[in-house]
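A lone chain, given as structure tokens: the form predicted alone.
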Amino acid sequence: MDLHEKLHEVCKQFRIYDEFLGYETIQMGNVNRTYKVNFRLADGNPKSFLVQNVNTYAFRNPVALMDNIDHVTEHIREKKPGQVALHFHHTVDRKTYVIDGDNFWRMTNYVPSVTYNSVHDMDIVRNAGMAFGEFQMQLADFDISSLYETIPNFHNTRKRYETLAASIKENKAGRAEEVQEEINFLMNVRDIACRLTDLHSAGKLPLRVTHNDTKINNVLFSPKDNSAMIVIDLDTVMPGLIGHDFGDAIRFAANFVEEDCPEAEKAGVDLEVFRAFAEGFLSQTAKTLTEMEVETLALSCFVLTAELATRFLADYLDGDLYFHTKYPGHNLVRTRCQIALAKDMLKKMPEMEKIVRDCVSAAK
């Protein structure tokens, strides 16, 4: 059965019986495969949905993952009556997924919108910050104990470094010799990169319900005015630290270049973008943050950048098993770009910390 037929069959299992017109592949994220499927309704009008094939190598318990998503999206929908919200479709037996051999499928509503991988409009950046901050606040009263840990130790930086060390030692793909410079840098900043994990272990940073993948392209914006509509890609919603969400958003949005730019020397943190995102995010969250959370927000950007560099490098050493790659050496290009960004963040840390303090003061 080819992909066209397979997607049509999956849609039927999600109780979509209209005329199937075809599909388009959507480039969204590095892990799952996403398709926009198009139908013609009985009244002749077109309607589209998003169907995803979930990467079960990355997500070992996809049923529990969908349980998380179902509860979180319904919790948010209850707070947004009549507004655009994310909704996952159900099968006849009320499941939010279809298992077909090794394939794990899900379907959600398609929201006409625009997304951005890189942004130079500070209003859009600020709106993205507000969206992720609002997401935090919408789930502030959610029962955190009910969430399954989708990827155990996802932002446990100590564990990430242990994984990298194991990958270096095993050297499965025979690539360790060519990346000694990258290995040396990451190992030299290990303790700084692990500070959030260590502070949480010491009981000094609280757990919250966090998104854990706050790239700006996980916000859908209105095509009319670029206001933020909804936050998407909830696979990694689970207990975490607020710095995980803030830091990863800055790592992605405030880099002068995209995260896989082959010219790593051009990478660096754009403080204008940093300020705009911080203004939006902290306008929603500042009043709820602890003193230690505020103190470590700027540091969190370096932490998340270094952590992702360890993940890209470990995957490169393992033979590119986790992240989708577009060409040989893609994960190494990603690693080098993240390292260059991390170095620039260390240089600009005092300025970043002052911006955070200013934004918190303005929000309170």
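Note that residue numbering begins at 1 and tracks the sequence as displayed. Quick caveat, the model's predicted, so the values are computed rather than measured.
Here the subject shifts to the form predicted in complex with a small molecule, a form of this protein not shown in this document.
In terms of contact with the small molecule in the predicted complex, the residue from E293, E279, D270, E259 that brings a heavy atom within 4.5 Å is E259.
Residue-level contacts in the predicted complex: of I151, V114, A173, M137, one residue has a heavy atom within 4.5 Å of the small molecule, and it is I151.
Proximity of D233, T236 and Y322 to the small molecule in the predicted complex is complete: all three residues have a non-hydrogen atom within 4.5 angstroms.
Interface membership of H244, defined by any non-hydrogen atom within 4.5 Å of the small molecule in the predicted complex, is ruled out. Interface membership of L308, defined by any non-hydrogen atom within 4.5 Å of the small molecule in the predicted complex, is confirmed. Though the partner is left out of this view, Y316 does not reach within 4.5 Å of the small molecule in the predicted complex, counting heavy atoms only. In the predicted complex, none of the heavy atoms of E182 sits within 4.5 Å of a heavy atom of the small molecule. Contact with the small molecule in the predicted complex, defined as any heavy atom within 4.5 Å, is confined among 210-218, 106-114, 79-87, 123-131 to 210-218.
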